[in-house]
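Quick setup: one chain, the form predicted on its own, written in structure tokens, and binding and motion questions come after.
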């Protein structure tokens, strides 16, 4: 007799991958947290609703120190979804789960269709128009990216034919090209690409990052503001120059 193994009470379980921000603190924590506070203060909403992984690989800390650090994140409304690189002995009940195997997206892992996430600040917001190109190494955004929207493309370059508003962000595994004013955040080389660059026609950005190294726009030379600019990474320093 054949038995039916599913019914209305069945639970469907699927695997799915998401792009998360990885924070890798260093000692002493007080100094590192001060730098984190500075980033959060000058880029409002950067961690709001964003999945965050805490990487403590090779950090010489015990369970009490890890618990205290997690408490500091909680006070800052930074939600830690998992902990990477932690020794089993320092993990305890009530802590986020241990994670392992996290890695940048490889060519073999790229899907046949690009995965793009557009997050809107309100239900009335209209997603930006997107055109994909073959081979899957870049996407083109043919409308301005408005405040509250996020464009995330870890597989390659992102080109925006328009402006990126304050409060919006572009996150690319490759380079970022903005053929308008960049007022929001631009993060290139998001999965580990030190050769990625950021180009924009008019620089008024809130935050810039390449391969995890970030810089607030007010920290840059005033002579670059309002100008067409390209940025690249040399070691742990973001370099910039005007295009004219």
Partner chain sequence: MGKVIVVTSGKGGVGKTTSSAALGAALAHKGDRVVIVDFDVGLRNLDLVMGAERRVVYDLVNVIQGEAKLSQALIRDKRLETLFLLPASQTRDKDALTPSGVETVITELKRVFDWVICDSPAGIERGATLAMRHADIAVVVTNPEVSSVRDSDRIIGLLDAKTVKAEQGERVEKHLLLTRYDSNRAERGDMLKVDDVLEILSIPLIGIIPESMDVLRASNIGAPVTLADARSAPAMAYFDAARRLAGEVLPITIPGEKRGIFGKIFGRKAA
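Numbering follows the first chain given and starts at 1. Quick caveat: nothing in here was measured; it's all calculated off a predicted structure.
There is another form of the same protein, the form predicted together with its partner chain; it is not shown, and what comes next is about it.
task: Flag residue 163 as yes or no: does it have a non-hydrogen atom within 4.5 angstroms of any non-hydrogen atom of its partner chain in the predicted complex?
output: Residue 163 belongs to the contact set for its partner chain.
query: Does any heavy atom of residue 206 come within 4.5 Å of a heavy atom of its partner chain in the predicted complex?
result: So residue 206 counts as contacting its partner chain.
field: Any non-hydrogen atom of residue 181 within 4.5 angstroms of its partner chain in the predicted complex
entry: Residue 181: contacts its partner chain in the predicted complex.
field: Proximity of residue 143 to its partner chain in the predicted complex, heavy atoms at 4.5 Å
entry: Residue 143 belongs to the contact set for its partner chain.
- prompt: Heavy atoms within 4.5 Å of its partner chain in the predicted complex: which stretch among 67-75, 169-177, 80-88, 145-153?
  reply: So the stretch in question is 145-153.
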